[in-house]
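Before any questions on binding or motion, here is one chain by itself as structure tokens, the form predicted alone.
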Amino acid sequence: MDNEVLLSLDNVAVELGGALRVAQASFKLQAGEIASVVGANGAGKTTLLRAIAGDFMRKHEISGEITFYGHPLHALLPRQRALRMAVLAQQNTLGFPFLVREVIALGRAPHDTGAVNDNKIVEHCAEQFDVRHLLGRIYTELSGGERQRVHLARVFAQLAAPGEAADARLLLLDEPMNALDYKHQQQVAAAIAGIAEHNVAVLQVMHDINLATQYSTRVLALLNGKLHSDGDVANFMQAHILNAVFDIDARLMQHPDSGRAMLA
């Protein structure tokens, strides 16, 4: 269902190693939204995504309430989450000599859609991220940018729902443009915008503000673990907000094509 509230956070806090990394985070995310989480280094962006992914379940680590798909996150079995939530971590460690095809196919592991459908999905996602020519290569022999695109294909394959109207799903991306050249950044941006149109909510950590605001529908800015601002791109791209969030002297200019504000 369009505009379905898929994810809800209510006063979520995360404490790790005696330090409060995220404090009193509250927001809702609907299917179809592309929300970028921004902030300075150490602001709590990755920790926030990890909390939503279910990495912290112990009471001394996390407090507050995370609701996903109408249920408390902690009450969902791993497969229940995996069928509707895919996560691209900031660091993807995979030391085994899997073929690229096998790495992308890992995204289909939670599903029961059959080998024929799964193979079509793997090839489609490989094409989407320009790694189809690498399907027979060994993953560990790839460059950093190629590995990143393989993992993007994997998480997109995980959320693929062939042959029927798809339930609302959530895509969590931590620095999806990491190690990518300009051409592939634009391809990934288009793919993210495209999947959001198919009943998927996207929550992504981004460092390149100008790139993030090209295709995001919403920006959540963290400052010292707290949600400093939450709104659409136009409201975020103001000098006083950027100055506070990043501790800079922001200078803005207008994009010559889109007319959107961007950092000079």
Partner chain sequence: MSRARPLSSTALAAIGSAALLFALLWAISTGAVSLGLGQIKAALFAPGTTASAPLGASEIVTHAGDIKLAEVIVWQLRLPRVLLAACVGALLALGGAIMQGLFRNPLADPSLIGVTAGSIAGASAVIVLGDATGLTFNAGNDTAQHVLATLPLVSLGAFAGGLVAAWLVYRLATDANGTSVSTMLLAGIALTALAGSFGSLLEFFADNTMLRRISIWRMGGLEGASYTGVIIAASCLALMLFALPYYSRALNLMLLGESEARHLGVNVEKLKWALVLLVALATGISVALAGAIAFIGLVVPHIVRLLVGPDHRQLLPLCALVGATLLVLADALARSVIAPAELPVGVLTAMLGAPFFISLLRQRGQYGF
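Positions refer to the first chain, counted from 1. Note that the structure is a prediction, hence the values are computed from the model and not measured.
Separately, the form predicted together with the partner chain exists; it is not shown, and the next lines address it.
- Contact between Pro176 and the partner chain in the predicted bound form is not found at the 4.5 Å heavy atom cutoff.
- Though the partner is left out of this view, Ala109 does reach within 4.5 Å of the partner chain in the predicted bound form, counting heavy atoms only.
- Contact check for Leu94: a heavy atom falls within 4.5 Å of the partner chain in the predicted bound form.
- The partner chain is not shown here, and in the predicted bound form it never comes within 4.5 Å of any heavy atom of Ala168.
- When you look in the predicted bound form, the only residue of Met206, Ile34, Ala53, Met237 with a non-hydrogen atom within 4.5 Å of the partner chain is Ala53.
- Here is the short version: of Leu99, Leu76, Ala193, Ala161, the single residue with a heavy atom within 4.5 Å of the partner chain in the predicted bound form is Leu99.
- Partner contact region in the predicted bound form: 153 to 161, out of 153 to 161, 180 to 188, 67 to 75, 121 to 129, criterion any non-hydrogen atom within 4.5 Å of the partner chain.
- The candidate spot formed by Ala82, Met85 and Ala89 lies fully in contact with the partner chain in the predicted bound form, as each residue has a heavy atom within 4.5 Å of it.
- Contact annotation for 229 to 264: no residue has a non-hydrogen atom within 4.5 angstroms of the partner chain in the predicted bound form.
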